[in-house]
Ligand code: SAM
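First, one chain by itself in C-alpha coordinates, the form predicted alone.
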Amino acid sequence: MNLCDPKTIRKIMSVHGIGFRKELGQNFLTDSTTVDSIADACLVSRDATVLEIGPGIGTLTRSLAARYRRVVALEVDRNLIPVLEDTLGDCGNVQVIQADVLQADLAGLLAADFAAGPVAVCANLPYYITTPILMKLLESRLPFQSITVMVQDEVASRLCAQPGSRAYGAVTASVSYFGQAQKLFTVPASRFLPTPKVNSAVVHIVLWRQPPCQPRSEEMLFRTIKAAFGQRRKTLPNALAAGFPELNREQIRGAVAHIGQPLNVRGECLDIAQFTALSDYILDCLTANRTAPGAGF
(Lines give C-alpha, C1' and ligand atoms only; values in the text may rest on other atoms or scores of the structure.)
Protein backbone atom coordinates (compact mmCIF):
# COMPACT_ATOMS: atom_id res chain seq x y z
CA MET A 1 0.00 0.00 0.00
CA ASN A 2 1.52 3.29 -1.14
CA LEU A 3 0.30 5.88 1.36
CA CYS A 4 1.94 8.66 -0.64
CA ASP A 5 -0.22 7.98 -3.69
CA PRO A 6 -3.06 10.56 -3.94
CA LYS A 7 -5.42 7.92 -5.37
CA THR A 8 -4.68 5.61 -2.44
CA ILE A 9 -5.19 8.42 0.05
CA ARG A 10 -8.57 9.33 -1.44
CA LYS A 11 -9.62 5.66 -1.53
CA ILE A 12 -8.71 5.17 2.14
CA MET A 13 -10.67 8.25 3.14
CA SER A 14 -13.63 7.15 1.02
CA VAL A 15 -13.68 3.60 2.40
CA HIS A 16 -13.79 4.95 5.95
CA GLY A 17 -16.34 7.60 5.07
CA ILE A 18 -14.25 10.55 6.25
CA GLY A 19 -12.90 13.73 4.73
CA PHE A 20 -9.96 16.03 5.26
CA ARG A 21 -10.49 18.23 8.30
CA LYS A 22 -9.21 21.70 7.53
CA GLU A 23 -9.67 22.83 11.13
CA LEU A 24 -7.12 20.21 12.21
CA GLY A 25 -4.62 21.14 9.52
CA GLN A 26 -4.92 17.76 7.78
CA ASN A 27 -2.66 17.85 4.73
CA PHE A 28 -1.10 14.48 3.92
CA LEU A 29 2.31 14.09 2.29
CA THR A 30 2.40 12.61 -1.20
CA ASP A 31 6.18 12.37 -1.66
CA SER A 32 7.98 9.33 -0.27
CA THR A 33 11.42 10.96 -0.44
CA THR A 34 10.24 13.78 1.80
CA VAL A 35 8.66 11.30 4.22
CA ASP A 36 11.89 9.30 4.52
CA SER A 37 13.96 12.48 4.88
CA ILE A 38 11.83 13.58 7.83
CA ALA A 39 12.18 10.18 9.47
CA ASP A 40 15.94 10.25 8.97
CA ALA A 41 16.13 13.77 10.41
CA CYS A 42 15.21 12.54 13.88
CA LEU A 43 18.89 11.52 14.18
CA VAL A 44 18.39 9.04 16.97
CA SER A 45 19.77 5.53 17.29
CA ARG A 46 17.77 2.55 16.08
CA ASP A 47 16.97 1.56 19.66
CA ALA A 48 15.12 4.86 20.20
CA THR A 49 11.45 5.59 20.73
CA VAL A 50 9.83 8.28 18.62
CA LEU A 51 6.77 10.16 19.81
CA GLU A 52 4.85 11.12 16.68
CA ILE A 53 2.23 13.84 16.96
CA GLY A 54 -0.47 13.77 14.29
CA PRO A 55 0.19 10.55 12.34
CA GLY A 56 -2.72 11.21 9.96
CA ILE A 57 -3.14 8.05 7.89
CA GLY A 58 0.23 6.65 8.99
CA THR A 59 2.50 7.65 6.11
CA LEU A 60 5.37 9.00 8.21
CA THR A 61 4.58 6.52 10.98
CA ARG A 62 5.53 3.57 8.76
CA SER A 63 8.82 5.21 7.84
CA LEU A 64 9.61 5.86 11.51
CA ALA A 65 8.65 2.30 12.47
CA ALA A 66 11.12 0.94 9.89
CA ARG A 67 13.96 2.93 11.47
CA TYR A 68 13.41 2.97 15.22
CA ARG A 69 12.65 0.53 18.01
CA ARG A 70 9.22 1.90 18.86
CA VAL A 71 6.78 4.59 17.75
CA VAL A 72 4.08 6.10 19.97
CA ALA A 73 1.65 7.98 17.75
CA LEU A 74 -0.83 10.48 19.21
CA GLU A 75 -3.79 11.30 16.98
CA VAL A 76 -6.41 13.83 18.08
CA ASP A 77 -8.94 12.92 15.36
CA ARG A 78 -10.82 9.83 16.51
CA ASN A 79 -12.10 9.30 12.94
CA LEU A 80 -8.55 8.43 11.86
CA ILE A 81 -8.04 5.69 14.46
CA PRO A 82 -9.75 2.98 12.34
CA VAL A 83 -7.69 4.15 9.36
CA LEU A 84 -4.46 3.79 11.34
CA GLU A 85 -5.51 0.33 12.52
CA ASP A 86 -5.66 -0.67 8.87
CA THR A 87 -2.58 1.10 7.52
CA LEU A 88 -0.35 0.17 10.48
CA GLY A 89 -1.71 -3.29 11.14
CA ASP A 90 1.56 -4.95 10.18
CA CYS A 91 3.73 -2.59 12.28
CA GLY A 92 4.13 -4.39 15.57
CA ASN A 93 6.31 -1.66 17.09
CA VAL A 94 3.71 1.09 16.76
CA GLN A 95 1.25 2.14 19.46
CA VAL A 96 -1.53 4.46 18.33
CA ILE A 97 -3.30 6.52 20.99
CA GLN A 98 -6.29 8.77 20.43
CA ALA A 99 -5.33 11.83 22.45
CA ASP A 100 -4.72 15.56 22.32
CA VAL A 101 -1.02 16.14 22.96
CA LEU A 102 -1.85 19.34 24.85
CA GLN A 103 -3.87 17.30 27.34
CA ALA A 104 -1.88 14.07 27.37
CA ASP A 105 0.27 12.95 30.30
CA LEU A 106 3.47 12.54 28.33
CA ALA A 107 5.58 11.73 31.39
CA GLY A 108 3.35 8.81 32.31
CA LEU A 109 2.82 7.71 28.74
CA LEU A 110 6.53 7.54 27.95
CA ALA A 111 7.94 6.56 31.35
CA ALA A 112 9.03 3.08 30.24
CA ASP A 113 10.46 4.45 26.99
CA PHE A 114 12.60 7.06 28.76
CA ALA A 115 13.95 4.27 30.94
CA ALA A 116 14.69 2.06 27.92
CA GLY A 117 16.66 4.50 25.78
CA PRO A 118 16.61 7.79 23.85
CA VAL A 119 13.26 9.37 22.96
CA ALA A 120 12.71 11.87 20.15
CA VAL A 121 9.66 13.74 18.91
CA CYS A 122 8.52 13.93 15.29
CA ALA A 123 5.48 15.96 14.28
CA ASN A 124 3.64 17.65 11.46
CA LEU A 125 2.18 20.66 13.25
CA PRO A 126 -0.66 22.81 11.88
CA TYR A 127 0.05 26.54 12.03
CA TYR A 128 -2.70 27.49 14.46
CA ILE A 129 -1.33 25.30 17.22
CA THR A 130 2.40 25.07 16.46
CA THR A 131 3.62 27.28 19.29
CA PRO A 132 1.41 25.81 22.07
CA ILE A 133 2.46 22.26 21.22
CA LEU A 134 6.13 23.12 20.83
CA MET A 135 6.23 25.03 24.10
CA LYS A 136 4.43 22.23 25.95
CA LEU A 137 7.06 19.76 24.75
CA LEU A 138 9.91 22.06 25.75
CA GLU A 139 8.47 23.19 29.07
CA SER A 140 7.61 19.62 30.05
CA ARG A 141 11.30 19.15 30.91
CA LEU A 142 11.04 15.57 29.67
CA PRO A 143 14.38 14.20 28.46
CA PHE A 144 13.66 14.29 24.74
CA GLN A 145 16.83 14.07 22.68
CA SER A 146 15.42 16.11 19.83
CA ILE A 147 12.24 17.49 18.29
CA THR A 148 11.75 17.35 14.53
CA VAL A 149 8.74 19.27 13.27
CA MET A 150 7.24 20.19 9.95
CA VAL A 151 5.64 23.61 10.10
CA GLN A 152 4.76 26.41 7.72
CA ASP A 153 7.88 27.79 6.08
CA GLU A 154 7.36 31.22 7.62
CA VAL A 155 7.13 29.69 11.08
CA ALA A 156 10.30 27.69 10.46
CA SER A 157 12.12 30.91 9.63
CA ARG A 158 10.96 32.39 12.93
CA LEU A 159 12.02 29.37 14.95
CA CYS A 160 15.54 29.45 13.50
CA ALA A 161 16.06 33.23 13.17
CA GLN A 162 19.15 34.98 14.51
CA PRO A 163 19.02 38.00 16.86
CA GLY A 164 18.74 41.22 14.91
CA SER A 165 16.72 39.74 12.04
CA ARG A 166 13.11 40.66 11.31
CA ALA A 167 11.99 37.07 11.80
CA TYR A 168 13.44 36.91 15.32
CA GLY A 169 10.70 37.01 17.95
CA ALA A 170 9.53 35.83 21.34
CA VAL A 171 9.16 32.20 20.26
CA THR A 172 12.69 32.26 18.77
CA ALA A 173 14.24 33.47 22.00
CA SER A 174 12.18 31.04 24.09
CA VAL A 175 13.09 28.03 21.94
CA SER A 176 16.78 28.97 22.04
CA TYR A 177 16.68 28.62 25.83
CA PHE A 178 15.74 24.94 25.48
CA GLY A 179 17.72 23.90 22.42
CA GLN A 180 19.34 24.72 19.10
CA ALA A 181 16.95 24.94 16.15
CA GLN A 182 18.00 24.33 12.56
CA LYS A 183 15.92 24.57 9.39
CA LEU A 184 16.69 21.45 7.37
CA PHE A 185 14.71 21.75 4.13
CA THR A 186 11.62 23.23 2.54
CA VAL A 187 8.65 21.09 1.50
CA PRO A 188 6.68 22.58 -1.42
CA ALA A 189 2.91 22.84 -1.07
CA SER A 190 2.56 20.61 -4.14
CA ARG A 191 3.70 17.62 -2.08
CA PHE A 192 0.55 17.58 0.03
CA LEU A 193 -3.04 16.46 -0.38
CA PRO A 194 -5.05 18.65 -0.10
CA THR A 195 -2.59 21.25 -1.38
CA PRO A 196 -2.08 24.02 1.22
CA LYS A 197 -1.68 27.66 0.26
CA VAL A 198 1.91 27.92 1.53
CA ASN A 199 5.09 25.86 1.62
CA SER A 200 6.22 23.99 4.71
CA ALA A 201 9.67 23.34 6.15
CA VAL A 202 11.27 20.83 8.49
CA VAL A 203 12.97 22.11 11.64
CA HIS A 204 15.21 20.00 13.86
CA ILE A 205 15.74 21.08 17.48
CA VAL A 206 18.49 19.43 19.51
CA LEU A 207 17.69 19.98 23.18
CA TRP A 208 20.39 21.21 25.52
CA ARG A 209 21.37 18.77 28.23
CA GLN A 210 21.97 21.86 30.32
CA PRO A 211 20.50 25.25 29.34
CA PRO A 212 23.17 27.68 28.10
CA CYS A 213 21.92 30.24 30.60
CA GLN A 214 20.73 29.88 34.18
CA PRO A 215 18.17 32.58 35.07
CA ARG A 216 17.28 32.91 38.73
CA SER A 217 13.63 32.68 37.69
CA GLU A 218 12.47 31.04 34.47
CA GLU A 219 9.06 32.62 34.98
CA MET A 220 10.68 36.05 35.02
CA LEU A 221 12.79 35.19 31.97
CA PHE A 222 9.76 34.33 29.88
CA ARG A 223 7.84 37.34 31.18
CA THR A 224 10.75 39.54 30.15
CA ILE A 225 10.87 38.01 26.66
CA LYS A 226 7.13 38.45 26.28
CA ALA A 227 7.34 42.08 27.38
CA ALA A 228 10.24 42.82 25.01
CA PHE A 229 8.18 41.70 22.02
CA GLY A 230 4.80 42.83 23.32
CA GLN A 231 5.08 46.10 21.42
CA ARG A 232 7.53 45.20 18.70
CA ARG A 233 7.71 48.62 17.07
CA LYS A 234 8.76 50.27 20.30
CA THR A 235 12.24 50.44 21.74
CA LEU A 236 13.14 48.00 24.50
CA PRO A 237 12.72 50.56 27.32
CA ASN A 238 9.22 51.47 26.13
CA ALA A 239 8.27 47.83 25.68
CA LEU A 240 9.52 46.97 29.16
CA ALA A 241 7.65 49.94 30.64
CA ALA A 242 4.42 48.53 29.22
CA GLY A 243 5.20 44.98 30.31
CA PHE A 244 6.45 45.92 33.78
CA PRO A 245 4.33 48.80 35.10
CA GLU A 246 5.83 48.10 38.54
CA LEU A 247 9.19 49.49 37.39
CA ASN A 248 10.03 53.17 37.30
CA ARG A 249 11.88 54.92 34.48
CA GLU A 250 15.24 54.83 36.23
CA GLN A 251 15.00 51.08 36.84
CA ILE A 252 14.12 50.41 33.22
CA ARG A 253 17.01 52.53 31.98
CA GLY A 254 19.29 50.75 34.44
CA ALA A 255 18.13 47.36 33.18
CA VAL A 256 18.99 48.21 29.58
CA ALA A 257 22.34 49.68 30.61
CA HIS A 258 23.05 46.54 32.67
CA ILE A 259 23.16 44.43 29.49
CA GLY A 260 25.32 46.97 27.70
CA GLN A 261 22.71 48.13 25.22
CA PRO A 262 21.75 51.66 24.08
CA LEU A 263 18.32 53.01 24.99
CA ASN A 264 17.14 52.81 21.38
CA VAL A 265 17.72 49.05 21.14
CA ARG A 266 14.78 46.79 20.30
CA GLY A 267 13.95 43.41 21.73
CA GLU A 268 14.82 41.50 18.57
CA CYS A 269 18.48 42.45 19.01
CA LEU A 270 18.90 40.50 22.27
CA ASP A 271 20.10 36.91 22.46
CA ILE A 272 19.04 34.50 25.19
CA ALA A 273 22.06 35.33 27.39
CA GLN A 274 21.13 39.02 27.34
CA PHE A 275 17.50 38.23 28.08
CA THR A 276 18.65 36.15 31.04
CA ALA A 277 20.78 38.98 32.43
CA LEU A 278 17.94 41.44 31.84
CA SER A 279 15.39 39.25 33.63
CA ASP A 280 17.70 38.81 36.63
CA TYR A 281 18.16 42.59 36.91
CA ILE A 282 14.40 43.16 36.64
CA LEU A 283 13.81 40.53 39.31
CA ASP A 284 16.14 42.40 41.65
CA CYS A 285 14.30 45.65 40.97
CA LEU A 286 10.89 44.11 41.62
CA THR A 287 12.13 42.52 44.82
CA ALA A 288 13.56 45.85 46.00
CA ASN A 289 10.28 47.61 45.19
CA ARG A 290 8.25 45.12 47.20
CA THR A 291 10.49 45.38 50.25
CA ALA A 292 10.92 49.18 50.15
CA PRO A 293 9.25 51.12 52.99
CA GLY A 294 5.75 52.17 51.98
CA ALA A 295 5.67 49.89 48.90
CA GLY A 296 2.16 49.60 47.59
CA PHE A 297 2.62 46.37 45.61
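Quantities reported herein were computed from a predicted structural model and do not represent experimental measurements. Residue indices: 1-based, along the sequence shown.
We do not show the form predicted together with the named molecule, though everything after this point is about it.
**Student:** Residues in which of 264-272, 56-64, 249-257, 225-233 have heavy atoms within 4.5 Å of the named molecule in the predicted bound form?
**Tutor:** Heavy atoms within 4.5 Å of the named molecule in the predicted bound form occur in 56-64.
**Student:** Against the named molecule in the predicted bound form, would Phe28 count as a contact residue? Criterion: heavy atoms within 4.5 Å.
**Tutor:** Residue-level check for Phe28: yes, a contact with the named molecule.
**Student:** I'd like to know whether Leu74 contacts the named molecule in the predicted bound form, with contact meaning heavy atoms within 4.5 angstroms.
**Tutor:** Because a heavy atom of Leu74 falls inside 4.5 Å of the named molecule in the predicted bound form, the answer is yes.
**Student:** Evaluate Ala99 for contact with the named molecule in the predicted bound form, applying a 4.5 angstroms cut-off between non-hydrogen atoms, and reply yes or no.
**Tutor:** Yes - in the predicted bound form, heavy atoms of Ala99 and the named molecule come within 4.5 Å of each other.
**Student:** Taking 4.5 angstroms as the cut-off for heavy atoms, does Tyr128 touch the named molecule in the predicted bound form?
**Tutor:** Yes, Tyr128 is a contact residue.
**Student:** Could you check which residue among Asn124, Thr87, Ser174, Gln152 gets a heavy atom within 4.5 Å of the named molecule in the predicted bound form?
**Tutor:** Looking at the other structure, the residue within range turns out to be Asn124.
**Student:** Which residue, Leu80, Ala201, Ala120, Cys160, is the contact with the named molecule in the predicted bound form, using a 4.5 Å heavy atom cutoff?
**Tutor:** The option sitting close enough to the partner is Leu80.
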